[in-house]
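Take a look at this single chain, the form predicted alone, given in structure tokens.
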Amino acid sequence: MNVHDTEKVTGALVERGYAPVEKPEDAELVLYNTCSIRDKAEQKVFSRLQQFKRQCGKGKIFGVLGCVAQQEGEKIFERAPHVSLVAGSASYPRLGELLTQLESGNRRVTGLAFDSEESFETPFTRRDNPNRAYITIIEGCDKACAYCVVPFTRGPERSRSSASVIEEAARLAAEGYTEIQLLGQNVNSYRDPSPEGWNFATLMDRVARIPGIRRVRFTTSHPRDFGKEIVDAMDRNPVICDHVHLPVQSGSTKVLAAMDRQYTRDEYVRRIDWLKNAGRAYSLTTDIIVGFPGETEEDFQQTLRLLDEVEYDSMFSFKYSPRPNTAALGLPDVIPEEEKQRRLVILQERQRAIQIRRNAALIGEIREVLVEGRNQALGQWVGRTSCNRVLNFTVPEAGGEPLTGRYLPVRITRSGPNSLVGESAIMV
């Protein structure tokens, strides 16, 4: 989502006549896109801003974008007086107006409102990947997870009309993009505001039926809104990739309640069962937080047992970190930092063993990859499977022909914990 936000901003700048440069010191305008999901994000931002100031010298215009901008607001001007623009993600469609103010000499320009009519794609978006295109279908979050700052930095949920999504996806397909990724803080919370009233499953299925589109992905899902109709839509349409990222955060129902995740362990596992009993095999990935206030050793052991039960193909894992404006700030029984670190190491070691075992089981299989580029140092092409695994492979007698953007069958010959190695199953 942050990558796509940068595409939106860059497109707006290029359309206005700006040109990108390789180094900040060569720029007249330096915009810093930020994320505040982790601890001390704002401190890191201010440190980086000072570094930019020293590195770039005088005469530059600096701006802070994204979640830290939304979180800190005009306080950024006080702590970093060389910053002239502070804008959250909802303001990107009217970035031209903000730039006009900067160009006229205004040195305190803000874009911090959540405007339901201006919260999705910019009129001009620079696509940095020639084959994969991102489409924002919903912005914001109506959940109130006790640890999460997103509702405060992205605002309430605002869904696009289904017609605008289908129109954009069709245009992208006509331009040659073959993979579409649907984006939202809670993407499966999508609710069509137009009279058609489509839910997420219907929208995803209709996008996947557009001629020219070969893959459809989506991120990120909230388990509470992950209904059986989503699995049914995926089973019906093989264009929808066989990968689901379903953050669980904890394997303990007690901790999930303290997090205000709005589901129990059993309810989460029921959704996993839908996927495991579906018509095709799905790759499952997740997010997990360790050391949430009040998490006991038994709670942590329940999370480890969940890993063994589900056998995720990969995992993003974090130590709990307090975030401003969140309910967890007032919770007692804070876990010591060294204990959080111990649990994180154990969790990651357990998951690494699972990934080694699951990836090794794929050796000998043939998987289709979308070729993303070439690793010149290793003499290998790099692609991604439908299940979102990275596959590095060689191509017999390729003859130097460019393969980026093509879909090729690859036989898996070796594996590691985080990637696969193979050989193209056909001559190119």
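All figures in this text were calculated on a predicted structure; none of them were measured in a lab. Just count from 1 along the sequence shown to find any residue number.
Beyond the structure shown, there is the form predicted together with a small molecule, which is absent from this document and is the topic of what follows.
- The partner is not drawn, yet in the predicted bound form one stretch among 351-359, 92-100, 146-154, 295-303 has residues with heavy atoms inside 4.5 Å of the small molecule: 146-154.
- Contact annotation: Arg215 falls outside 4.5 Å of the small molecule in the predicted bound form, judged by heavy atom distances.
- Although the partner is absent from this view, Val207 stays clear of the small molecule in the predicted bound form, with no non-hydrogen atom inside 4.5 angstroms.
- Using a 4.5 Å cutoff between non-hydrogen atoms, Ile363 does not count as a contact of the small molecule in the predicted bound form.
- Residue contact with the small molecule in the predicted bound form: Thr125 places no heavy atom within 4.5 Å of it.
- This chain appears without its partner; in the predicted bound form, the one residue of Ser314, Gln71, Ser159, Gln249 with a heavy atom within 4.5 Å of the small molecule is Gln249.
- Here is the short version: of Ser321, Thr110, Thr202, Asn237, the single residue with a heavy atom within 4.5 Å of the small molecule in the predicted bound form is Ser321.
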